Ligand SMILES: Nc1ncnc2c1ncn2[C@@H]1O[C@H](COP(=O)(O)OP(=O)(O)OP(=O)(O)O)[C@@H](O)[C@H]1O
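Below sits a lone chain in structure tokens, taken as the form predicted on its own.
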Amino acid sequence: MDSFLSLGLSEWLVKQCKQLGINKPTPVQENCVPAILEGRDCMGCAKTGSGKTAAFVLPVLQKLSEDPYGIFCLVLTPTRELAYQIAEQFRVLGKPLGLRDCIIVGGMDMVTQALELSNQPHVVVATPGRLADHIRSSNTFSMSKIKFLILDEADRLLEQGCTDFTKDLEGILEILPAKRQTLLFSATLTDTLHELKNIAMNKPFFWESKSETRTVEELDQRYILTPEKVKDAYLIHLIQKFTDEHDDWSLIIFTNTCKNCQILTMMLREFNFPTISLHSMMKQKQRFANLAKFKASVYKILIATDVAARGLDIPTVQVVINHNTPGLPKIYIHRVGRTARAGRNGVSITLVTQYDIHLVHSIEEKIQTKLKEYPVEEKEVHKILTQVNVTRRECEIVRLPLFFTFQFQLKKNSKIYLQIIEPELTAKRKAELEKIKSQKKKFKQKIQENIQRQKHRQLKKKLTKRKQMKRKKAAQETA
């Protein structure tokens, strides 16, 4: 199909797309948009950067323009940053409608969010945890007339792991109407999503990208085999090389923990690289500010944990470096998907240690592509090795404790703020704590009672045995 008009979209939406430089529908849009406009439930699985967000935003806006009311659409997503990005796309494409949107994520003021919900926005974009909190604590808004429920990055929302959304999703689904359209989108298809095909009720439409490879063709995927202790020196060498050769390129470096993320940020700053970090230990306002600075190219290097691995679309990102080899192939797919988006080119480099070779094999098997070795000048790496190791140790011993002390102080201050500004919330928390304590006391009492009963039974048994022994002796003596 050559244009969006042939998909059944209105002229005003096609004009909005053209103004944003979106002239042709991508395969996921071409297949999913007509099915959604027909009123069918939809499950779409396509590569990262293939236009999945627009595939559900466009038909929702079309339906909203026919019968505008609030709350019309609920979008659930696993990360806060992705929630803001989706809301921005709704806002830009729905500008002629005067679209009202509301973002409900953790780390922000609940009272302000509750007021926004009570104003009946057309679209609510939320993370499940915070929305479930609002449902439990407030009755100022209703979602009983919702037309669309959208799960973006559905595999992450529905999987059970360290951050399990199951209970929150159950609470949300209870208040939603049974008659609605349910749309699921993701870049990676899991067994859970396969099972969910039977949940969709309205003539479910399923579409998956038919390409053999799970990553885009424009992405140049490389690896560097390095000993664990030399990994940081290779990283510094790579960053130096890319910044010298390409001034306008932005880099994202993914690592596995918040601690590593902060250490690498401090270390790169010591080497005078314009670096900024993004991880869950940071305050939400700081996370948004850092991401905005990176998008605006104020800082060219972003070091992040997997909170930045899903959905984020930053056109200037040309290189993704995996400081650690991801444990799951789907995490790798989402990480490297931050570059080579929407037909652009990009490079991904994974630092592979002697312990990670089996992980690389599983990644290659999943993506149906062999990673190529990235050429590195070993002599240049050896020159900076000692300096890099010394700098890292200094950051670990001196700078990192100071950072985490400051974070702890912020948390203490936030508790004081809650006590002064939001006494109702603290009262609720205290009441919940008291309930938990009372339950624990009851449990302990039950255990003690059971122990006492057991002791009493044992004593009874001993006494009966003694009595029996005495009777036997008395009987023997009389005999």
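Because the structure is a prediction, the values reported are computed rather than measured. Numbering starts at 1 and follows the sequence shown.
Here the subject shifts to the form predicted together with the named molecule, a form of this protein not shown in this document.
**Student:** Go through 336 to 344, 231 to 239, 367 to 375, 100 to 108 and give me the stretch that gets within 4.5 Å of the named molecule in the predicted complex, heavy atoms only.
**Tutor:** Flagged stretch: 336 to 344.
**Student:** Go through Ile301, Ala187, Cys73, Leu264 and name the one with a heavy atom inside 4.5 Å of the named molecule in the predicted complex.
**Tutor:** If I apply the 4.5 Å criterion carefully, the residue I get is Ala187.
**Student:** By the heavy atom within 4.5 Å rule, which residue out of Glu270, Asp356, Asp313, Glu116 makes contact with the named molecule in the predicted complex?
**Tutor:** If I apply the 4.5 Å criterion carefully, the residue I get is Asp313.
**Student:** When you measure heavy atoms, are Pro25, Gln29 and Thr48 every one within 4.5 angstroms of the named molecule in the predicted complex?
**Tutor:** Yes, all three are in contact.
**Student:** Gln89 versus the named molecule, in the predicted complex: is there a non-hydrogen atom within 4.5 Å?
**Tutor:** Result yes; Gln89 sits at the interface with the named molecule in the predicted complex.
**Student:** Tell me, yes or no, whether Ala54 is in contact with the named molecule in the predicted complex, where a contact means a heavy atom of each within 4.5 Å.
**Tutor:** Although the named molecule is absent here, Ala54 would touch it in the predicted complex, with heavy atoms inside 4.5 Å.
**Student:** Answer with yes or no whether Glu153 is in contact with the named molecule in the predicted complex, where contact means some heavy atom within 4.5 Å.
**Tutor:** Although the named molecule is absent here, Glu153 would touch it in the predicted complex, with heavy atoms inside 4.5 Å.
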